[in-house]
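Okay, here we've got a single chain as C-alpha cells, the form predicted alone, with questions on binding and movement later.
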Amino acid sequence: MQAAAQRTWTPGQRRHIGDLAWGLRYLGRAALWTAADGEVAAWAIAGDSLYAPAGLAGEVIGWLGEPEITVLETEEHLTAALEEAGYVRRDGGPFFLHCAVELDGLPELTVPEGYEIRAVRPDEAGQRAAAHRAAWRPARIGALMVPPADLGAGESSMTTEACQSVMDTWPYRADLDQVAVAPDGSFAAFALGWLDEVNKAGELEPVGTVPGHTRRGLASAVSLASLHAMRAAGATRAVVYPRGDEAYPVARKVYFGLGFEPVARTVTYVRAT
C-alpha cells in the first residue's frame, strides 16, 4: 500500500506513506487490488480512505460501499467515479486542508526558554505515549473548538505498546520524532515527521502540546525542529493536513506561521437517497 501511494505521490494526493505507517494500528477491513506483476495497484480501507487509478476507481468505491467517502478535490478521477456511482458532494461540515512548504527557506529554530528540543530516544516509548494521550484527550480537543464542543471523557488509545509499534514501523526515524522536554524532564510537546525518500517529501503527523505547556510556541518549535531534520535527511518539501473549517482553527494557524500554504482540501461525498 505504501509503495503504491509512493509511486504516484504529489502534494495533491490524499495519503503520504507516513499516514499509512501512523494509521496501521487502526487498520480494519481493507482490500488490495494487484496488477499482473504482483504490485499493489489500488487499495481501500473501510471508514478511512482509498487509493485507486482511474481504471479501478469505480470498482474500489463499489467495494467500500460506504454511506460517505472523503477524497481530495484534486483527485478528479475519484470525484468523477463517485458521482457516477450515485454519490453527491456534501457542502459544509468539517474538512481538512492539504498544505505544503518548501524546505529551503525554513526559519531558524528558536527554543522557548526553559525547554529542550531534541529527538526521541529508543527507550522513551512510554513517555512519548503519555504525552500523546495528554495532548489528544477528546475533552481537551473539544475545548479548543469554536464554539467549544463536548467530545466526551474518553482517552486516546496511544499506549506504550502502540507507540513502540509506530516506532518499529517503516519509515519511522527517531531523528524526525522531535519533542520539547520541560524543566522537570517530562515531554511538553511533540512533532512526528515522516520521510518519503523517493519523492523527497516529508510529512508532519501528529503534532501536539501537553496541557499546562500551551501558548509558549512549543508546537511551532517541535514542528520546525522536525522540518529541519527532514531537510537534513534529504527532503525538499513537506506536507501537513490540519482542519480547514472554522470550528477548529488552532492547528492551521501554527502551520501557516511556519510557511505552509494550502494546495488542496478534502471533500466528502454522500450516497444519494
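All residue numbers refer to positions in the sequence shown, first residue = 1. Because the structure is predicted, anything quoted here is derived from the model rather than measured.
Separately, the form predicted in complex with a small molecule exists; it is not shown, and the next lines address it.
Between 28 to 36, 209 to 217, 226 to 234, 56 to 64, the stretch whose residues reach within 4.5 angstroms of the small molecule in the model of the complex through a non-hydrogen atom is 209 to 217.
Taking Leu151, Leu144, Ala174, Val198 one by one, only a single residue has any non-hydrogen atom within 4.5 Å of the small molecule in the model of the complex, and it is Leu144. Exactly one listed residue, out of Cys99, Ala135, Ile117, Ala81, brings a non-hydrogen atom to within 4.5 Å of the small molecule in the model of the complex: Ala135. Not displayed here, the small molecule is approached by Val254 to within 4.5 Å at the level of heavy atoms in the model of the complex. A residue is said to contact a partner when one of its heavy atoms sits within 4.5 Å of a partner heavy atom; Val263 fails this definition for the small molecule in the model of the complex, lying far away. In the model of the complex, the small molecule lies within 4.5 Å of some heavy atom of Arg140.
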